[in-house]
Structure formats: C-alpha cells, structure tokens
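Given as structure tokens, the chain that follows is alone and in the form predicted alone.
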Amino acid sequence: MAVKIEKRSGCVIATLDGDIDHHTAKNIRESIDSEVEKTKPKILKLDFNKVNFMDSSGIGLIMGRYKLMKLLNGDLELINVSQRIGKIMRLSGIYKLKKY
C-alpha cells in the first residue's frame, strides 16, 4: 500500500493505492497525519480510487482522520469510493457522520 499526498490551496489530498489492512494502516496513518499536522488544511480528501481491499483497519483509519480534522476545525471528504469499498463503509456507519 502506498499513499501519495498532494497539497492544493487549503486542501490535502491523500491518494491511497492498494490494500488497507492491519499491516498497512499504520504507515498510511503516519504519512497522512504528518502532512496534516504540518499544513493544517481546511479539507483532507482521502481518494479511494486505487484501493482494492479494505477491512476494519480502513474504517479505523477513516475515523482517526475524521477526528483529527475535527480537532483542527477542518473537514474530511472521501472521494472515488468504489461500490465494494462503499458497502464496507455503509455497513460500518461511516456515512452517518457526514453525507458523502
């Protein structure tokens, strides 16, 4: 799993690539958090376009970034979510936090 991070005027976009599971979530989290804490963006976008698989570790990753952005008075957006990954998110209740 790789994560590519881009900065655009008040926004950080983290493009996730590969599987999100117990083995990869920690490195993803650390990369994203480091950039967010440095730049303090108004919006953090997690791009799931290239994510093939996600388990509960991915839900934890999303929840942690949601809480971090709330602490910074910012917002989290989930973009390019496939039907398969979207189903996992829907079952977890993530969509109840905010309409995506």
Partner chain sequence: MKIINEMRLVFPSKSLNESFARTTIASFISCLDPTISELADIKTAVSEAVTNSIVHAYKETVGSIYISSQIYENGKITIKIKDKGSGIEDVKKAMEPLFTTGGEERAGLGFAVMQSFMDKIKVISKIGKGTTVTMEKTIIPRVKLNK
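Positions refer to the first chain, counted from 1. Computed from a predicted model, the values in this text were never measured in an experiment.
Another form exists, predicted together with the partner chain; not displayed. Remarks below refer to it.
On the criterion of a non-hydrogen atom at 4.5 angstroms or closer, are I13, E35 and K42 all touching the partner chain in the model of the complex? No: none of I13, E35 and K42 comes within 4.5 Å of the partner chain in the model of the complex.
Heavy atom to heavy atom, is S57 within 4.5 Å of the partner chain in the model of the complex? Yes, contact at 4.5 Å.
Are any of the heavy atoms in I88 no more than 4.5 Å from a heavy atom of the partner chain in the model of the complex? Heavy-atom contact with the partner chain at 4.5 Å: present for I88.
Although the partner chain is absent from this view, report whether E77 comes within 4.5 Å of it in the model of the complex, heavy atoms only. E77: no contact with the partner chain in the model of the complex.
Using 4.5 Å between non-hydrogen atoms, is K70 touching the partner chain in the model of the complex? Flag for K70 set to no.
Contact set, 61-85 vs the partner chain in the model of the complex - heavy atom within 4.5 angstroms: In sequence order, L61, G64, R65, K67, R84 come within 4.5 Å of the partner.
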